[in-house]
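Just the one chain here, the form predicted on its own, laid out as structure tokens.
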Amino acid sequence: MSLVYAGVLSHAPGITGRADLVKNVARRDEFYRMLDHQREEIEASGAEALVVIAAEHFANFFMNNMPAFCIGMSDAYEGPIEDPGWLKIARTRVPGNADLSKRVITAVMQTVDCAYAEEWKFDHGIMVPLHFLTPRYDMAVIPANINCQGPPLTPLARAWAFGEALRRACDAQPEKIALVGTGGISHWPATPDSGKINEAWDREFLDHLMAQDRDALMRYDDDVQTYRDAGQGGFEIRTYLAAAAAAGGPGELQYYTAELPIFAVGCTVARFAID
């Protein structure tokens, strides 16, 4: 098999941009150490490319053109699109692999329709994970976007199918590929409730995710349960679902804390067995 690693992690901009405002420094550094550990696991897997399944934040796609799924197909990308001083990540060139991306896209399209983009400005949804997982920007990145922003949102079952399609596509390639899903979980970005975290909701969702309980995961309702209990940022569970579906095996929750509200998200790190 060519998928050699699958995991999930949070990507809120405060994780880098507000690091100096954290009061619980010990907890912050513990989280950072777990992100370093995730990087080490990816490196140990021998991965030659990293698929990042993220939720794009109206930086490249807007209501005039909002694909349910989009995969990057370029030899290079640039990010962050936001102010580097705000995000505390320097703008840089991120390597891609257009040939590998094309092969992955072609394979995915056998079962799931998706758009592709040869130009892509990475926002914090991708740049924050890369800051920790490929800090030297020396691994080819394949960005994959799921519409978690503009209704009608990509259905959860289709996000799961997209993950399964990515798995088949990765396994068809000779290169070793790692994959991460990155998003919320519960958070209320750009609202008066920014900084609120629903730990109970997060932990219940993560329990279902680690157990690969697809039936329970498919019962999350955008308009009622998720929006009410996890905010509009909770729609990003789609990226976690896709990663779990791609892996196929049970997950291990390596880290979660709600004790860093300045980051405005429950800070999560987990990996899955490759089944």
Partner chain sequence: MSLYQLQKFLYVLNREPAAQRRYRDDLDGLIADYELTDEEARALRDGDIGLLYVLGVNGQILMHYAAFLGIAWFDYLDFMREGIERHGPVRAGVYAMTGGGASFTEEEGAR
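The structure displayed is predicted, hence computed values, not measured ones. Positions refer to the first chain, counted from 1.
One more form of this protein, predicted together with the partner chain, exists but is not displayed; see below.
Contact with the partner chain in the model of the complex, defined as a heavy atom within 4.5 Å, is made by all three of 81, 121 and 191.
Contact with the partner chain in the model of the complex, judged by any heavy atom within 4.5 Å, is made by just one of 196, 131, 103, 158: 196. Judged by heavy atoms within 4.5 Å of the partner chain in the model of the complex, the contact stretch among the candidates 28-36, 216-224, 42-50, 241-249 is 216-224. Taking the partner from the other structure, the partner chain in the model of the complex has a heavy atom within 4.5 Å of a heavy atom of residue 86.
When contacts are judged by a 4.5 Å heavy atom cut-off, residue 69 does not count as touching the partner chain in the model of the complex. Taking the partner from elsewhere, residue 57 is found to have a heavy atom lying within 4.5 Å of the partner chain in the model of the complex. Proximity of residue 266 to the partner chain in the model of the complex: non-hydrogen atoms within 4.5 Å are absent; the residue sits far from the partner.
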